[in-house]
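Just one chain is shown here, as structure tokens, and it is the form predicted alone.
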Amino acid sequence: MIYLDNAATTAVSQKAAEACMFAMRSCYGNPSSLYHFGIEAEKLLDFSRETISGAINAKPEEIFFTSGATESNNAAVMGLASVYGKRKRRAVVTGIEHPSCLEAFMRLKEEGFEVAVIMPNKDGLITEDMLFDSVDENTCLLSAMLVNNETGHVLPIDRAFPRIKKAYPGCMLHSDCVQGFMKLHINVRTLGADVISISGHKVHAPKGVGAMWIKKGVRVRPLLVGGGQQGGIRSGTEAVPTIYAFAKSVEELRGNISERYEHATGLKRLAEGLLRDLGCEILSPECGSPYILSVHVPGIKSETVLHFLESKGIMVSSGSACSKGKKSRVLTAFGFSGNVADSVIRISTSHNTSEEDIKALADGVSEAMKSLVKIKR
């Protein structure tokens, strides 16, 4: 099998799997328990906080574990708005966010907030000035993702957020960093955000674990209440096995981000060249994340290409895994027509992807274009 859908989920690494099993079988005490067995589990949590915080230049006490990106995004958006939106009732979000973020803003709208949505400009970009100009004195929250999960667009968070915070210190800033975490160098001390969201299963850890970084001093109303674990920010007995696996995966990836980025860049260039030669159109920007490539295969439905490639043992996506075959809202937002959006596949690589995998993909797409029935215009 050639797996090219790493933006949807990744294979769990051997070290992460072993860490998860160790915590489940040998260190399964409740980390809130006061006896030795519980303390040993708490040590795994401490290691995990230190490891993940170190990867983004944060403090361990600023890391709060969740069940994944959806919970992190929901908790950040609604938790920040609940605290900082008592007087300022305006919230801003980009129109290319993951549904777990965008739908949280729609919930704010139902609760009486004025919600403004930033759409890409005529060039298909969301610029630094667009982010800055979207905020005013009545804005309590802005959320903008670091890397778009369908096209790989990298938003200018590190330039826009510090400007916004300087001009409007009362505006809280959140970024969904799921597709950038451990792929781009992220330094929360210079990023300018107040809260960021990350996920484990995008970085070769198991599904069901994620985290929020919450800047010290920033208040977030808890989404979940109960026993007061994690300082009351996220109650519930911590899922030590998956958290520890998350940390071991991050530990494994942390030392070679630049090397893996160069590898992904080479694969992206190879794929672009081979697919353009076949008559495909590259929709992802040249300066985007090299890990995600959105490709228009002219005249053939995305789902048809997907299943044809699957029959050859090649796994790609027809867009965001969360869309489940629906038309891509993101591609429409970027200005691509319905006919184009209906014929797009997303290729997303990891450090496990080889040049041979990309060449096999190109061969599969070539065969598909020759043998599949074209869309009737």
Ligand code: PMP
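None of the values given here were measured: they were computed from a predicted structure. Residues carry their position along the shown sequence, with the first being 1.
Keep in mind the form predicted in complex with this ligand is missing from the figure; the text below concerns it.
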Is it the case that Gly85, Leu142 and Lys215 all touch this ligand in the predicted complex, with a non-hydrogen atom of each within 4.5 angstroms? no
If we test each of His98, Lys268, His296, Arg260 for a heavy atom within 4.5 Å of this ligand in the predicted complex, the one that passes is His98
Partner-free chain; cross-checking this ligand in the predicted complex, the single residue of Thr242, Thr151, Gln179, Ser249 with a heavy atom within 4.5 Å is Gln179
Looking in the predicted complex, any heavy atom of Ser199 within 4.5 Å of this ligand?
yes
- Would Ala69 count as touching this ligand in the predicted complex under a 4.5 Å heavy atom rule? yes
Among 201-209, 76-84, 282-290, 128-136, the stretch whose residues bring a heavy atom within 4.5 Å of this ligand in the predicted complex is 201-209
